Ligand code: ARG
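First, one chain by itself: the form predicted on its own, in structure tokens.
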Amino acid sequence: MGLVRNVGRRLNRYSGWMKRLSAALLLVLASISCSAGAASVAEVKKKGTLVLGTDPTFAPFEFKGSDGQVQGFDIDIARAVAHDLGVRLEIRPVGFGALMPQAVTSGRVDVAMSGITITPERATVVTFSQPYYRSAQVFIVRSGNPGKFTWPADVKGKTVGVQANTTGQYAAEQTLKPRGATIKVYDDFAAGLADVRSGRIAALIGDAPTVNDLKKRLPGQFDKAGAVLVAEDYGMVFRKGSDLAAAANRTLARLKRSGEYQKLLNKWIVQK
């Protein structure tokens, strides 16, 4: 009987533990459900927010201002989309390596914007909006180009930095590596800039507007060198098949018709 009572007590404790665990799991699942991204316009409107995933280290498209708030060209475009949907914009900082496409396909965010290039490969797993900006991948070097970096003339033996999971990385591996360049991959774009400044790498691949912004914010530190590596179009990124892409396209069309799009270009990108 003592053995039976001991077993009974253990079963009761086990049952209580399982009930507490089940309750905890339900709470976790509920919180995940509440914080998960939406796949449709109806879901976004129901929850009242459009969750934007972005890597805020990419001025002038997205970066933290002196007040600590994320701002930039992409942010204003996303805010216009949220306005047209009648919801609030929620900005969720995500490192680029985790942003594209994982944060979108997993539902962590509703939309991703961070100077994301439209490519056929990416379009197999996500849905892009219409292009909202035409850019180019260029080489960022120290001011005055002391390493005499040039492209396409000579990259053999040079170390070139790229940010992980960017089209710059893909282009470098396909074009520069076969020509004898060493490719160094950075999770953080700022770390690559620091290595350019210190001379640890010859150049860093980045977007043309970024170079212009760096020259404006950090005069005398960085320059552009060589020819354009590749031209590209940026798009807003949504889960595959989402009707949010069509809503974003309507906002882009409205901004261009009204002249607001040009005002945003002048505000963030066009050099004065």
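When you see a residue number, it is the position in the sequence shown, counting from 1. A quick note: this is a predicted structure, and the numbers were derived from the prediction, not measured.
Keep in mind the form predicted in complex with the named molecule is missing from the figure; the text below concerns it.
**Student:** Against the named molecule in the predicted bound form, would Tyr132 count as a contact residue? Criterion: heavy atoms within 4.5 Å.
**Tutor:** No, Tyr132 is distant from the partner.
**Student:** Asp213: heavy atom within 4.5 Å of the named molecule in the predicted bound form?
**Tutor:** Although the named molecule is absent here, Asp213 would stay clear of it in the predicted bound form, with no heavy atoms inside 4.5 Å.
**Student:** Is there a heavy atom of Arg122 lying 4.5 Å or less from a heavy atom of the named molecule in the predicted bound form?
**Tutor:** Heavy-atom contact with the named molecule at 4.5 Å: present for Arg122.
**Student:** Is Ser242 a contact residue for the named molecule in the predicted bound form, using a 4.5 Å heavy atom cut-off?
**Tutor:** Output for Ser242 is no: heavy atoms all beyond 4.5 Å of the named molecule.
**Student:** Would you mind picking out the stretch of 242 to 250, 65 to 73, 216 to 224, 51 to 59 that comes within 4.5 angstroms of the named molecule in the predicted bound form, counting non-hydrogen atoms?
**Tutor:** The contacting stretch is 51 to 59.
**Student:** Taking heavy atoms and a 4.5 Å limit, what residues of 225 to 258 are near the named molecule in the predicted bound form?
**Tutor:** Contacts from 225 to 258: Glu232, Tyr234.
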